[in-house]
Ligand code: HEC
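Presented below, as structure tokens, is a lone chain in the form predicted on its own.
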Amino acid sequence: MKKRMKYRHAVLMASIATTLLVGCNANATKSNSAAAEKAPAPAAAMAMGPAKLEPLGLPPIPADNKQSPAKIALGKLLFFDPRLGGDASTGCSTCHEPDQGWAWAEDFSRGYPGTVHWRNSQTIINSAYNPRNFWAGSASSLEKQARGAARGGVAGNGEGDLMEARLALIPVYAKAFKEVFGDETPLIRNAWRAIASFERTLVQRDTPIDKYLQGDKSALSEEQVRGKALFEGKAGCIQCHNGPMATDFNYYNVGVPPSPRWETDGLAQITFRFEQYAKGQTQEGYRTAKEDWGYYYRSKNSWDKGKFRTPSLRYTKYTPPYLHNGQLDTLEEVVDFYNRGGKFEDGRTTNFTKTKSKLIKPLGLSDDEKDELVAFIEAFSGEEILMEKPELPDYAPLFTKAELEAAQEAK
């Protein structure tokens, strides 16, 4: 409990949040205000030395959900099965398509039928390493992330008892849950455990940057090596994108402006207001909010408005569009955004200017330097990970009509 309180205090007192590719000015770390922004999250607390990149090791496996081939196989089926949702049309893969970076290639993720989602879908690849999931860190494990997404009002919109009933009517699942978990009938909490086990196999550790950091200096091109120097120096990206996952797992406001869809898309506006209510927004905030308040929804501290978790740079080559609200379509546009000091080409930036990170300043990168930086960022991605969707098992009745009639007669 003491460790948890220390962590919560550290996170709440940090001036932190990001969306993607925090290209901050390296010299800014010398200021006291910038130092205050660097309070460590749990994964970052492993080492307090200078920020650096590291090769990715084996994924952590929780003691209460050990891996097994049977559990992983079950989790794979469930990941692709839309019956784990409200109307049996939206499953995990609905928003995390293998051929779209295991995410969804639009600004907002797919929504439950009749709704629109409100944030960009993040990739599942390497999510096994995340100490917390979702843009504002609201899920502390993959198991909780799966549950939260499947039950979310504008995502899966599922009800636990209904999803369990469906699983019980599928003999393949009934047998697998019995073998893997000992369930007499499938329990929905074990569905999340199986899905998390499958997701922990979606790991990429053989990227050019991993090979380079492990000693293969030919793994990066000359252009990428120059980009690495910029990443660690002039562009200052290393301040927030460091460690094995190229993220400090902290929270920053980097200047992302609100999505214009909330002004033009009626369903998006409805979802946005619904999320204000669902996340415990104040009455004033509910009525006046014009953009996503980010980490504030968790901390309820004014200094956390507009902050989001630093995303990993791994696998980003395959996961456009970028930022928490998906407003930039290419890595080149993202680098331009940070080169301008956290502003779009039309000058737009966050409405929460008071919480905008002091690390975000114009970088003065030349066109060649921007190209080199993008080339290096692409080194965090290896070959695309593709997977055919499995054939899903069919329903079957729990009993025949004759058995039902016999049971009724026996009463």
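Values in this document were obtained by computation on a predicted structure and should not be read as measured data. Don't overthink the numbering: it's just position in the shown sequence, from 1.
The form predicted in complex with the named molecule is left out here; the points below concern that form.
Peer 1: Is Phe177 one of the residues lying within 4.5 Å of the named molecule in the model of the complex, judged by heavy atom distances?
Peer 2: Outside the cut-off, so no.
Peer 1: Under a 4.5 Å heavy atom criterion, is Tyr173 part of the interface with the named molecule in the model of the complex?
Peer 2: No, Tyr173 stays farther than 4.5 Å from the named molecule in the model of the complex.
Peer 1: Though only this chain appears here, would Arg193 touch the named molecule in the model of the complex if you measure heavy atom gaps against 4.5 Å?
Peer 2: No, no contact at 4.5 Å.
Peer 1: Is Gln204 near the named molecule? Define near as a heavy atom within 4.5 Å, in the model of the complex.
Peer 2: The answer is no: Gln204 has no heavy atom within 4.5 Å of the named molecule.
Peer 1: Can you pick the stretch from 282-290, 91-99, 210-218, 177-185 whose heavy atoms fall within 4.5 Å of the named molecule in the model of the complex?
Peer 2: It is the stretch 91-99.
Peer 1: Does anything in 360-377 come within 4.5 Å of the named molecule in the model of the complex by heavy atoms, and if so which residues, in order?
Peer 2: Those in contact are Ile360, Leu363, Leu373, Ile377.
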